[in-house]
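One chain is shown next in structure tokens, namely the form predicted alone.
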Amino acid sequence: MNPNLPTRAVESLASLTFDNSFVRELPGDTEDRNFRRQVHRACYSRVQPTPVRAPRLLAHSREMAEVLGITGDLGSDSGFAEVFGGNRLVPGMEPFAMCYGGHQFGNWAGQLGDGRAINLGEVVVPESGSGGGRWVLQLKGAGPTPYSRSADGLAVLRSSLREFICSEAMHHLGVPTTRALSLVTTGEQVIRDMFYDGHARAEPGAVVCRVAPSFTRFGNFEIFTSRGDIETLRTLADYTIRTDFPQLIADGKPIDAETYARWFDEVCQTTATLIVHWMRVGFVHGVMNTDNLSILGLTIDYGPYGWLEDYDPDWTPNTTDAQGKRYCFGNQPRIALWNLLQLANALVPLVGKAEPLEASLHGYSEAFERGWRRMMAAKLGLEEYQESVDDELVDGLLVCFAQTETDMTLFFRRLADVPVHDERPLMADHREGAETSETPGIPESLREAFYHPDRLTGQIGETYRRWLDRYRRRVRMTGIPDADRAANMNRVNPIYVPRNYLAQLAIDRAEQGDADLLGEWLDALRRPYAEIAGLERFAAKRPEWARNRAGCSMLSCSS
């Protein structure tokens, strides 16, 4: 295509209002050349995306395009793919990569930075519009930057598709998250060793455009404290407060030690809210390094993430974490606290003393516990969480989950269909060889949630029966009619989530140039709480063939 010929999408992009405050207000790298190096006393380095051979739009979020004010038939607009594949810029874009550090798997890793992410610019959308505010456009997989270390700065289709689909799915699930605007294939081949086992192969390349109010992470602040560069630390903190936390200085007072402490406290609170949401839907981040936690409390960096196919608090989707399980599902609340502690250490030079930061860390734990209890009450259809009663109820449910493989998503969804106002106890069935369909203690509506329903006999069946009787008695205490309880539960317990095996099926098809399955799945994920006729296959639990298949069970950081 002739890059000088405008298209409707490019024209709408050119009409956007860019206000690139990050590069305007913060110190930048004085070296203009793009080569791997340590970057000091700078928050970013200017860098251009690497052009690709044949950019083609594979999928896009119409909701995110609408928020930004991008119009036109994006699917058939080659100009759109040219921009978001990295081949051209529109007026107002000022590309750069951010400098940050981080703790990886509990150890300080030094400078990391945007090794394959390039921020295109900050779009300002009028507040009167849908989703108004400041939105940063960022290409992931658009080529090397000074922070790429030994990598090529590129990304493959399998990881880019997973990031695209999960970003939008999390938004529709109501989980705080960065967003995704587009998924563009590049027509290039990228060499990757998926499991770091010496079997590298060529894979289709892709670029995903991520969107967020800010991509600033805990590690953006850690890097400057680690280097003793308190001046740049203060400059970045002041910018972040002015731009992303203006409510903290609404009274016009100057930013001081008290402001920094209140800011950290707010970060602790929003992080607690984020982790509660992850636990609610069964999401496992997989690589909760401090450079992968957002200062805004958003889910950021969808690498080797996963969804609980069967409830297992020790499960991690990350092959790198398979032995230590540092980032497993059940550890996420604790790791978030550990990461906040590292951020607190980075902010001590600004606050001047540790006590306010320690109080906020304690506040994180309290906020998470309160949020977790409210969340569990909502998932169970209870109006409120009564510790004296519901601790035992919830603990008992987790014991049940450990007895046999149970799909958490389907269990809570089908629990809403169990009638509770019949006061007769569920009948026990002690016959070891009884068929599930003949097991009176387990309601028919729940059988779908179990991977081995034939095992719901004997002691396992009895454990579930006793819990269900206890649950029914507890709900009857509330007086909530079954229909109202079901409606309440179905608003917080999704039926469609980005299951690992569905992602792999979509990747398999997309690598052949077929995006139909991806589009259909995205339609289901747009309405995750409404059961949609014709889309039942997107709610099905993991099939047996996917139990140990690469990409369906565990993943590596290779992308």
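Note that residue numbering begins at 1 and tracks the sequence as displayed. Here the structure is a predicted model, which means the values were calculated and not measured.
Same protein, other form: the form predicted together with adenosine monophosphate, not shown, and the subject of what follows.
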{"property": "Heavy atom within 4.5 Å of adenosine monophosphate in the predicted bound form - the one residue of Thr409, Asn87, Asn292, Thr457 that qualifies", "result": "Asn292"}
{"property": "One residue of Gly153, Pro317, Gly461, Gly79 in contact with adenosine monophosphate, assessed in the predicted bound form (non-hydrogen atom, 4.5 angstroms)", "result": "Gly153"}
{"property": "Close approach of Asp301 to adenosine monophosphate in the predicted bound form, 4.5 Å, heavy atom", "result": "yes"}
{"property": "Partner proximity in the predicted bound form: Phe96 to adenosine monophosphate, non-hydrogen atom cutoff 4.5 Å", "result": "no"}
{"property": "Interface membership of Gly113, adenosine monophosphate in the predicted bound form, 4.5 Å heavy atom rule", "result": "yes"}
{"property": "Any non-hydrogen atom of Gln104 within 4.5 angstroms of adenosine monophosphate in the predicted bound form", "result": "yes"}
{"property": "Candidate stretches 308-316, 371-379, 222-230, 96-104 - the one whose heavy atoms come within 4.5 Å of adenosine monophosphate in the predicted bound form", "result": "96-104"}
{"property": "Contacts with adenosine monophosphate in the predicted bound form - residues in 271-289 whose heavy atoms fall within 4.5 Å", "result": "Val287"}
